[in-house]
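Let's start with one chain on its own, the form predicted alone, as structure tokens.
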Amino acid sequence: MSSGAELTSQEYITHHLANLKVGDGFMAVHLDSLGWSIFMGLVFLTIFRSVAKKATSGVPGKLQCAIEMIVGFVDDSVKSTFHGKNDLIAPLALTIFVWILLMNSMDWVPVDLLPHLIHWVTGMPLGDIYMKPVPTADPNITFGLALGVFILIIYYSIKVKGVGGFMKELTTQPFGHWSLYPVNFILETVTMLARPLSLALRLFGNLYAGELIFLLIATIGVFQLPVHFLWAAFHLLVIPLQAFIFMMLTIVYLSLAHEDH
């Protein structure tokens, strides 16, 4: 879809920021975000399973070497940050990092490429094609990821500390006097709820802003390519960085949940 005669720049950007969805309101399902997130999850599983089955103890191939570097990097991050004992944390951190990295990488796909491919294959008018290929630019996906982490935080807080220990943690700090326990509970509850909120909004905000700038660049016309490549080069840092931050904060939050004083 071009930004020329058919649509104004505002209409072009608004169209590209709309999801392919079924239903309305709270019950709407964003098929493009859900589909691409599942597809990237399958890509992750396929690549890692293939490398694991073909791994050799000799000189590794390029793909095996890259996978080993990623696994080693995540393992070192977990060992240096997580201070409890839980065999789930390292695989969870690896899954979060690689899956979010792959979903973020869809931001490198030119904004008009998929709509034009769909138009070429199906013959649908470009104005009727809605396709947002970056799942992490959809708050539904990032909040879903953050909600999963939040459930694990609550689960391990109760499992490690017990219900009484967990409630004591929420009520006895930062102020030690019993009369201030209700104030402590409110403060600690807000702090706990802010964790998944910050996880979701940080990832969504950065990827949504990046996608929006790519769309603004696309409205320039014939001069867009040099600017597009410059912004894409900058995203070589942003895309893995956001995956790393989400992973590290998850490890830190779960480490706090495992602390039993």
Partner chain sequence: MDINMTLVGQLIAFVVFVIFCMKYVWPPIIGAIEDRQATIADGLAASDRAAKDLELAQEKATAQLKEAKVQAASIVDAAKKHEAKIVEETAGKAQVEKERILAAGHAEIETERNRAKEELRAQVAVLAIAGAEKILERSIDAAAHSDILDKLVAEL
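Residue numbers count along the first chain shown, from 1. Because the structure is a prediction, the values reported are computed rather than measured.
Unshown form predicted together with the partner chain; subsequent notes refer to it.
| message | Given a 4.5 Å cut-off on heavy atoms, tell me which of 188-196, 226-234, 211-219, 64-72 is the interface stretch with the partner chain in the model of the complex. | response | Of the stretches listed, the one contacting the partner is 64-72.
| field | Listed residue that, although the partner chain is not shown, lies within 4.5 Å of it in the model of the complex (heavy atoms), from 88, 124, 183, 154 | value | Of the listed residues, the single hit is 88.
| query | Which of 171, 81, 105, 140 has a heavy atom within 4.5 Å of the partner chain in the model of the complex? | reply | It is 140 that has a heavy atom within 4.5 Å of the partner.
| request: Would you please decide whether residue 21 lies within 4.5 angstroms of the partner chain in the model of the complex, comparing each non-hydrogen atom pair? | output: Although the partner chain is absent here, residue 21 would touch it in the model of the complex, with heavy atoms inside 4.5 Å.
| said: I'd like to know whether residue 96 contacts the partner chain in the model of the complex, with contact meaning heavy atoms within 4.5 angstroms. | reply: Yes.
| Taking heavy atoms only, is residue 109 within 4.5 angstroms of the partner chain in the model of the complex? | The answer is no: residue 109 has no heavy atom within 4.5 Å of the partner chain.
| said: So in the model of the complex, is the partner chain close enough to residue 113 to count as touching (4.5 Å, heavy atoms)? | reply: No, no contact at 4.5 Å.
| said: With the partner left out here, which residues of 230-249 have a non-hydrogen atom within 4.5 Å of the partner chain in the model of the complex? | reply: Going through 230-249 in order - heavy atoms within 4.5 Å of the partner chain in the model of the complex - there are no hits.
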